[in-house]
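Next up: just one chain, as structure tokens, the form predicted on its own.
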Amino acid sequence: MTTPLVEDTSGLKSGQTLLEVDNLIMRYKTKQGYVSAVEDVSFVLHKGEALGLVGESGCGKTSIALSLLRLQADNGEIMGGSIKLGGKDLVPISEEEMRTHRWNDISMVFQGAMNSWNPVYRVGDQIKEALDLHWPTRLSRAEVRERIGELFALVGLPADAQDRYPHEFSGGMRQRAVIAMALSCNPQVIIADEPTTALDVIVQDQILKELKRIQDDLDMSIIYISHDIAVIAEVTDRMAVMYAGKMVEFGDTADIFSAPRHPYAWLLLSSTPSIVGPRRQLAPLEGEPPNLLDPPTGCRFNPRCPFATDQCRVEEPPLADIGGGHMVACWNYEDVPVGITAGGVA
């Protein structure tokens, strides 16, 4: 094939803005009312950057990802904001036009993807379906085989593995094949939703290193979604901490891990064991996330926050820059301890 393995059609240089999300609002309609899944979320993704979204289950991470692809459930509705990819807003366009952007410009490694393969079709045939639907020109059978072979080589699989059925793959091989499918149509952005779920720690490390190598080699942008903050720490340049559908902290990954300023981020990191420094008692994150059918007034974290004041209970804090692009949505971020916490965050 004469087409590059991953062709850069964005015209952007590394570090320039590729994806811009502004005040995104996405809610699910239920019999009880609207579930406030994503509220006023804004961020920018640069070309060649790895961005992490971290938080507890149900905080809105996957809902953001599905909104970016316009693949939210039937009862999910984007009710405000914009999603600009290469300067083009994807929110108002038709479904037919959106299909031309999925897989070609933005693709996704779905959560639980290891079990999403159809067991009665060969893996190569399933990747062929994506190429048939989204590749700009019709490829011959020989060209498809060559293309899949190139993709498999990129993710560390033998070319002839495309002739096997999913049950003949190990968990790590299935995950690598999912990544190959996500790369199949030259996307500029890949969303990796819990890309190492259900894998043992050795294979997790291999998959993450593979994704990092691919990102560096192809100057690709990746959004990692995980509740495992160790994964986010290892592979991302910047990160966003999500809570109850809101972005509560955003900035350089190293800065947030070294000095989290939002109480939720601080407690999240304090409840995580560290393998460096002296042994310390972990600080538990008590309570449960709120009901998003009826979220708390003011700051959504205030019922669980040890630093909450009356202002927090009635007035919602904005996401504000506290210096160097470090964004925090908290009235009392200066009260959050800096340095070593009970959980060993330095």
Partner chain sequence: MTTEAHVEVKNLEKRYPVQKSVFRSAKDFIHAVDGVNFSIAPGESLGLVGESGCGKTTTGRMLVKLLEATSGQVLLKTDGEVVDIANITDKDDLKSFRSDVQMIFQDPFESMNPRRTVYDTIAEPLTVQRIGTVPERETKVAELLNLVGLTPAESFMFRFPHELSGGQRQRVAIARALIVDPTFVVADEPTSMLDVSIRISVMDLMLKLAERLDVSYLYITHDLAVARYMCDRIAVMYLGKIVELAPTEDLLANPMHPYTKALLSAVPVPDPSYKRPPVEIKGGISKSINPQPRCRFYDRCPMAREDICGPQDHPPLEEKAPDHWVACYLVDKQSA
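Just so you know, these numbers come straight off a predicted model, no measurement behind them. Residue numbers count along the first chain shown, from 1.
Beyond what is shown, the protein has a form predicted together with the partner chain; the following relates to that form.
Taking the partner from the other structure, the partner chain in the predicted complex has a heavy atom within 4.5 Å of a heavy atom of Val231. Among heavy atoms of Pro273, some come within 4.5 Å of the partner chain in the predicted complex. Within 4.5 Å of some heavy atom of the partner chain in the predicted complex lies at least one heavy atom of Asp205. Although the partner is absent here, Glu316 lies well away from the partner chain in the predicted complex, with no heavy atom inside 4.5 Å. Taken together, Val38, Ala65 and Met98 are entirely out of contact with the partner chain in the predicted complex: none brings a heavy atom within 4.5 Å. Contact annotation: the partner chain lies within 4.5 Å of heavy atoms from the stretch 280-288 in the predicted complex, the single such stretch among 280-288, 44-52, 27-35, 316-324. Interface residue among Val120, Ala142, Ala73, Val201 relative to the partner chain in the predicted complex, by the heavy atom within 4.5 Å criterion: Val201. Exactly one listed residue, out of Ala130, Ala153, Ile93, Ala254, brings a non-hydrogen atom to within 4.5 Å of the partner chain in the predicted complex: Ala254.
Contact residues in stretch 39-60 (any heavy atom within 4.5 Å of the partner chain, taken in the predicted complex) are Glu56, Ser57.
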